[in-house]
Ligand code: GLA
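One chain comes next, on its own, written as structure tokens: the form predicted on its own.
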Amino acid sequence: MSIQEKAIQEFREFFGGEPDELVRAPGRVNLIGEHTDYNGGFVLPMAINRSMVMAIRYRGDQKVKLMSADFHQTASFDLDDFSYQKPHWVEYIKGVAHNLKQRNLPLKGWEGVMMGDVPRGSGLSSSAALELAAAKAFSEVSNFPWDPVDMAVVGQEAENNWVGVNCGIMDQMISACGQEGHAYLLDCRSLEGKHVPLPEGVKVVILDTGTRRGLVDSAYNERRQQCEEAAAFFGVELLRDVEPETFFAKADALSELTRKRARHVITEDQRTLEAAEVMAAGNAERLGILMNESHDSLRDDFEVSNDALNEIVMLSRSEPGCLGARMTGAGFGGCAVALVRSESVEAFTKNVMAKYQRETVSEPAVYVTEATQGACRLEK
């Protein structure tokens, strides 16, 4: 049974009757371009075939009532009078509602069941999938036009200003704007993007180490501050505006730590732009090399990897058919991503899982994924 069918079944059991609409928003994996988003730079994510699904039904009042099939919990709030209460999954939805109201969009109440198969805390953006699914639900029920870029900003604002996670725009943008068979090169300052076709003959494999990080409590905000300090040294607002030549000419004047952080961001932007070019040209081998370089920079200069991520990346790279592998997401745990020749995928996943389990006494989860459409209404 698909996740859509399960959501409908749960709706029938909890609310009775049939849902009026079914909406979906995907998680994402970032192929390259890590910790560049909040520096105004470039990222290259793709929407994956793991998502948040909501089966919803219109209400005649201003109440929003939800049942999470994953947590076996219910929550509700009134659109005319609500506020932040405590850390809870419903706050993401309340944050979306708040920012939609800030845009003077007329919101109507609804009830629904939500269910997701994006692993939480894995770095695959389960929170962005939740935010964009909620925004799509409000759009369907309240009948306001769907603008994917603006709805991505709504999701980011909800996470930044309501939930309190200082994330960049990438996760919400790809969850809103994904296209089947393509990654998405996003300029995180202008919010301009273009879809880039994935090379033929390869598969994207996500490797979940099973280690988890709390983004709010991690060193994420510390890294942002270090990047801001580096940008101030160069007299620019964002590190994206520092050319590599300028950086290397003046880098010795920075403290060692700040220099390492800035070097990662500035070189990662260059790798990401090149990655989009070689993808469009079908050069999977060069894309794999750039992914390897990205991980090494994240490990050594930005220092956001961990032992589990390094282990699974090294095991992946040692397998025949693997063109490149890197950690993906904010770091400190979560997932790696590998580019693998299609004919080698079965042996790759089997061998990496066995070796990782033997080396770490932990069992990874492995997902051979596809690039999918962004937030959308589904046919029931």
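Everything numeric in this text was worked out from a predicted model, so none of it was measured. Residue positions are given as counts along the sequence shown, with the first one as 1.
There is another form of the same protein, the form predicted in complex with this ligand; it is not shown, and what comes next is about it.
Judged against this ligand in the model of the complex with a 4.5 angstroms heavy atom cut-off, the residues D208, A338 and Y356 are out of contact without exception. Distance criterion of 4.5 Å from any heavy atom to this ligand in the model of the complex singles out I169 from the list V113, V96, I169, M279.
Within this chain, R50 is remote from the site of this ligand in the model of the complex, having no heavy atom within 4.5 Å. In the model of the complex, this ligand sits within 4.5 Å of a heavy atom of Y220. Using a 4.5 angstroms threshold between heavy atoms, V352 stays clear of this ligand in the model of the complex. Put simply, Y38 is close to this ligand in the model of the complex: some heavy atom of it is within 4.5 Å. The candidate stretches are 311-319, 65-73, 327-335, 50-58, and the one lying within 4.5 Å of this ligand in the model of the complex by heavy atoms is 327-335.
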